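First comes one chain, alone, set out as structure tokens in the form predicted on its own.
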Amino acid sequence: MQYITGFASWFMNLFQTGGKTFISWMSSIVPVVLLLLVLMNAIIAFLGEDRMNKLAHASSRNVVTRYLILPFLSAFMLGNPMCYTLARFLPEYYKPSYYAAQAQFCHTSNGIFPHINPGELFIWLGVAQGIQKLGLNTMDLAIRYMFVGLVMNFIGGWVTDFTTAYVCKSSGIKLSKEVKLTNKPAESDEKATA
């Protein structure tokens, strides 16, 4: 009977801990993500989708801006998972590669910029604890990890370009290399203005 009650206590404690974590997220992470979403939409509305399209088109022309600079800036400013939303402004052909570079960068920058991927901070903290026990500086490791990550993420994005080209060719699918966003109002909006 002692094992059953122990298991029941552990099981309930698991959900109580989950509830406490959820409440802590509601007062920390969730508002930040929502405000970042509002900020991004405000910037897009302020600049206009045409300018954002031009910026994305300019970024998509160059492999360095596409898989090195754009993922770094979007991860730093928007964090995970909001950083993926900038792919909206890239041509369809480059979206898989952007995602590959972006997904990796959210992990490799966590040591220096923990706000980028707070959900996986425990991984970095575990590594950092081992480094500290060895008497080494965790910031040195974090900087090296980020720089190696930037290079590898760039290579990963670029290699995905070749993979995308191969898959498109072998399947006969043609993805656009031009940004195509429609700015059409919803049907209900058209009726309301009529």
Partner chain sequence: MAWKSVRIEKGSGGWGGPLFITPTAQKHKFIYVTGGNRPKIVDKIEKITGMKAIDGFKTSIPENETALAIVDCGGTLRCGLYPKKGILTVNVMPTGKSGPLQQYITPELYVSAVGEKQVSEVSDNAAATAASSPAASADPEVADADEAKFDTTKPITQQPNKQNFIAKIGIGAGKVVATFNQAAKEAVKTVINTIIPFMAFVALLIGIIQGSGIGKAFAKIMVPLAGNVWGLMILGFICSLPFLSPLLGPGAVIGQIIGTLIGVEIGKGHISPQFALPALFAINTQNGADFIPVGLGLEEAEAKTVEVGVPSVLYSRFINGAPRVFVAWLASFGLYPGK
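Positions refer to the first chain, counted from 1. Because the structure is a prediction, the values reported are computed rather than measured.
Another form exists, predicted together with its partner chain; not displayed. Remarks below refer to it.
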Contact test in the predicted complex: V30 vs its partner chain, heavy atoms, 4.5 Å
yes
Classify K177 as contacting or not contacting its partner chain in the predicted complex by the rule of any non-hydrogen atom within 4.5 angstroms, answering yes or no.
no
4.5 Å heavy atom contact, I69 and its partner chain in the predicted complex
no
State yes or no: in the predicted complex, is some non-hydrogen atom of N41 no more than 4.5 angstroms from a non-hydrogen atom of its partner chain?
yes
For the heavy atom contacts within 4.5 Å of its partner chain in the predicted complex, list the residues of 7-25 involved, in sequence order.
W10, N13, L14, F15, T17, G18, T21, F22, W25
Evidently the Cα separation of T85 and I43 changes by 3 Å or more in the predicted complex, so the atoms lie farther
Looking in the predicted complex, are the Cα atoms of I44 and G79 closer together or farther apart than here, the change being 3 Å or more?
closer
